[in-house]
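Shown here is one chain on its own, the form predicted on its own, set out as structure tokens.
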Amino acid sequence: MPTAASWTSGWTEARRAVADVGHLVRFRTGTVRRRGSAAWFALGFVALTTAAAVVPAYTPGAGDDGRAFDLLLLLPTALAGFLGLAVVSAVASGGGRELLDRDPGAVLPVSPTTDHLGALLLAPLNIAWLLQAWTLLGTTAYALGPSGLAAAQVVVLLWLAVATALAQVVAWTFEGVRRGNHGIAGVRLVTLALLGLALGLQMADALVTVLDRLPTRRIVLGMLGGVSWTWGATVAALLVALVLAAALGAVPAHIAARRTPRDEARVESGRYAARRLPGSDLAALVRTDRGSVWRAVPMRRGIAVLAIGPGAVALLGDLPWSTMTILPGLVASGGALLFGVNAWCLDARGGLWRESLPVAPGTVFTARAWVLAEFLVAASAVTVLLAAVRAGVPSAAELTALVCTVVVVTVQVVGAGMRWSAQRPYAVDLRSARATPAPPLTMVGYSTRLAVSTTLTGLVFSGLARVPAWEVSVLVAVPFVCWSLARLVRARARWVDPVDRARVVMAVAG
């Protein structure tokens, strides 16, 4: 039974954790290389959020009984979808992003509560989170119109915070279970069971009925009609839920912190049998790079989510072949964000050793780019295969457009990733499942640029999939590929330069 002393101790720890988060945030912001860019990012974030929450309400048809009313009926499902996305993202990253890297934090008195609050604070610095949040705000504005807009958007913003906090609770719980005995197998079984349940509901035409009965309907009802008693009760309930979820997340965070990450320990302590020597320097480097990528925990988890997630959504939604061209770009962009935007950080101090080997720098670059490309192609292939299960037999034009999309976005993303890896290298330890290859604000910039370019490319080939002549897709793909290959060649020339290469190697070795 909780006593007065335990409550006092918990309150003291919470206050200390909040204060420590403030110290760590100031420490992280003090290491930002380009302060001006960070300020512009903050202004852009505020401007885009305000525009998303206000502008759609004043567009033609907003608040009417036509399409706006249809969006209002779908709003409970959209709110639940945001929660699902937040849960998947937090679970895949092992509890959310780290406010302080694992190794530096090992010598500092950073409590699991501080770690939990830091991960909660960094959760919005994710392009998927931002896009979903802006979409919800814009949908609400268009569905309701100007009347009662401010009150409704307050409810939506509170729901975004509550859903993020609930996702952290689920993520820490999964991480605590994953670190227990047979926890990895248990988490995988639960994931497969949930995917099977969703697919079964869809096949039985019961998924829409389940979505219509979601409890998020009450939140939507509470935001209607402007400021009222119902609105006040909804806001109060969300505030209470936010505080409780933020506090409750510290409990599984403490449990997970007391347990050893089994999948990470298995990789670091595992034994790998020696194989025959490759026939060339390139083959040896490709084998080494391939092992460092596929054995890393964040890469394995990330590729599973990226490959299966969009494919499962397309499978449930019965996505046609002409629209399937959007998927490879999204998967390739996400795959590059796992390590491709800072590809040389995989070497760490080993880069110093590799530079002492009698291997041409161009060969090293080719091997790393090749491994990144096959990583992205593998993820895209799994997604497309899942999406194709219910899509029927494609026409020659649809299949050609999809293949051209995979080739184009792969070359685009590899070229961008290798170029950014040489321009802004960071020393990052990717052994942790929660690590990211670059600081949060930089990751948002990278993800935005990749998402925009690959989505536009997917839309172009989506239109070409409807053209009867399949040759058109090939002709359009050629200039895309040539342009991206030219940028990749320039990135290779930059890596071959000894001064630039030394700068990159010393940066990632730090």
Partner chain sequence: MTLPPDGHPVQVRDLHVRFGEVEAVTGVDLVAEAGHATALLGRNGAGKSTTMRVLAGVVPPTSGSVTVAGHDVRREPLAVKRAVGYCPDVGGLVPRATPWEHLQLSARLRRLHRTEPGWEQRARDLLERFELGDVAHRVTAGFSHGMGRRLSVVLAVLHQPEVLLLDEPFDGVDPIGVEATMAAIDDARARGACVLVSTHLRELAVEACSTVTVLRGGARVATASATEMSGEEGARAYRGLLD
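Numbering follows the first chain given and starts at 1. Values in this document were obtained by computation on a predicted structure and should not be read as measured data.
What comes next is about the form predicted in complex with the partner chain, which does not appear here.
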| query | finding |
| --- | --- |
| Interface stretch in the predicted bound form with the partner chain - options 322-330, 233-241, 413-421, 283-291, non-hydrogen atom within 4.5 Å | 283-291 |
| Touches the partner chain in the predicted bound form: Y272 (any heavy atom, 4.5 Å) | yes |
| Non-hydrogen atom contact W134 with the partner chain in the predicted bound form at 4.5 angstroms | no |
| The partner chain contact in the predicted bound form: R501, any heavy atom under 4.5 Å | yes |
| Partner contact for A378 in the predicted bound form: the partner chain, 4.5 angstroms, heavy atom | no |
| Heavy atom within 4.5 Å of the partner chain in the predicted bound form - residue from L195, V210, A150, A360 | A360 |
| Residue among P278, P146, G392, G84 with a heavy atom within 4.5 Å of the partner chain in the predicted bound form | P278 |
| Residues A296, S356 and A509 all lining the partner chain in the predicted bound form, heavy atom within 4.5 Å | yes |
| Residues from 337-352 in contact with the partner chain (non-hydrogen atom within 4.5 Å) in the predicted bound form | L346, D347, A348, R349, G350, L352 |
